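Given as structure tokens, the chain that follows is alone and in the form predicted on its own.
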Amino acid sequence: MSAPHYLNYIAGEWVDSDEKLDVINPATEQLAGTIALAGEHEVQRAVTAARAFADQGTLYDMRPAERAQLIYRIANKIRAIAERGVPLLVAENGKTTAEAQAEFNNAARYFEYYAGMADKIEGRSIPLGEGYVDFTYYEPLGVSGQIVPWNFPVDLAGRSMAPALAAGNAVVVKSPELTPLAMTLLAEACDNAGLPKGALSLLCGYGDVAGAALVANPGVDQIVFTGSVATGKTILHAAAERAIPCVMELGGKSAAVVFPDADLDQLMNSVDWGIFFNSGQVCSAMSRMLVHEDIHDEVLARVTELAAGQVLGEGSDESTTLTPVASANQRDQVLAMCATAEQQGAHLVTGGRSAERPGYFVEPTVFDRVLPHMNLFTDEVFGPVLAMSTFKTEAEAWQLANATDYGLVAGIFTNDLNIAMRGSKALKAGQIFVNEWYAGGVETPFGGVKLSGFGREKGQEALYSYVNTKNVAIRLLD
């Protein structure tokens, strides 16, 4: 049976191209499907349509309650289409069925959440004294160019599409080359919900071709990017040439700080999610664990047991707990970092190798005695690799946690509220988890500091990344 072929969605039309891209199932190394490959021409066509749509003000001029209903209909269509999308996402990404279902649920939830805000984008009145009236209101930026990563393509596309559309913008999305197939169903859901033609285009192309063309296009008013620091810097340089705003989420090297009074059962649950979920391919993964020296041996034993209990397999198998990384290149990068860690003197407790089976599997890996001068302490791995270190004092714990150029999230495990509150101030990160990794949800703002980027996704705060504030100052005449 031939693999299914998918098209790009440009301003309400499904468009093929002369070239296609093969998408490989990372669990089997077999062809999952193909997709039309977009280049500069397709990007220009999409941006031209988006520019015309934004300039017409179709979404912005719509009654806010009507726009809210439209966004809510998209959420319902995403839920309806998930039955087809989940197995497709499993096949192209390698993740489990439950994880793929969660992606579609989250994407729908973003549209539900921002539908509820679409009619509440309100300005304010500013007193200037007698004889003056002053007020503000919010206008959409215009055309939002969005570049989505491969690790959570459906989830993260919904995260930025929903607030942008709710605020009245047109959106052009570049999907990731590794995992573009299930994302096409988001465009289908928007189309089925009656989103006006021109409001959305979704293209799959290479980053250095389609992505670069999107960033450089003068018709784009904003760039939203999630990905590597190197690519993010390139995008920022291009955006600076036109002085357009960006929302950047550039990864992390996040630490969990574990104190002697921590609930170790809760900690192990968080470790399981924090570093083995999606095979560690999460920007906010628990990639470091700083453990008080008094409980180090017990924590290490339990983490080692947890790693040994992981079941490697295809995502469609309900018994699977650890899926492959997304590509052969990603596997090789992870293994190279493990080899470097050993060379630098970190103690390999378990894993650190590829699994002897088809697919791009990396064994669940735990390193101990990882010191601040080692690459594994400071650099993002993006795989199922946990780096453990110890501390003696609270002050040392915060210093070690902050000793990277990243600042996306951090975690504190303790029953002492005073320690938790001191840590929430001391840790240099955009989000702090206390006693549960990945606590929070669609409602909670997410983003980083330092090399982890700037701007916020999720929550009410994200919506204001997609609007400009306009002030009107009126002097009343006699």
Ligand code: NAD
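Position 1 is the first residue in the sequence shown; the rest follow in order. None of the values given here were measured: they were computed from a predicted structure.
There is another form of this protein, the form predicted together with the named molecule, and it is not shown here; the text below is about that form.
At least one heavy atom of K174 is located within 4.5 Å of the named molecule in the predicted complex.
Taking non-hydrogen atoms only, G274 never approaches the named molecule to within 4.5 angstroms in the predicted complex. Interface residue remark: F259 is not counted as part of the site for the named molecule in the predicted complex, having no heavy atom within 4.5 Å.
Using a 4.5 angstroms threshold between heavy atoms, E103 stays clear of the named molecule in the predicted complex. Residue V215 is the only one of V303, V215, V370, L185 with a heavy atom lying within 4.5 Å of the named molecule in the predicted complex. With the partner omitted here, the residue from R109, H292, K77, R159 that has a non-hydrogen atom within 4.5 angstroms of the named molecule in the predicted complex is R159. Of the candidate stretches 305-313, 116-124, 175-183, 261-269, only 175-183 contains residues with a heavy atom within 4.5 Å of the named molecule in the predicted complex. Using a 4.5 Å cut-off on any heavy atom, the residues of 219-236 that reach the named molecule in the predicted complex are, in sequence order, F225, T226, G227, S228, T231, T234, I235.
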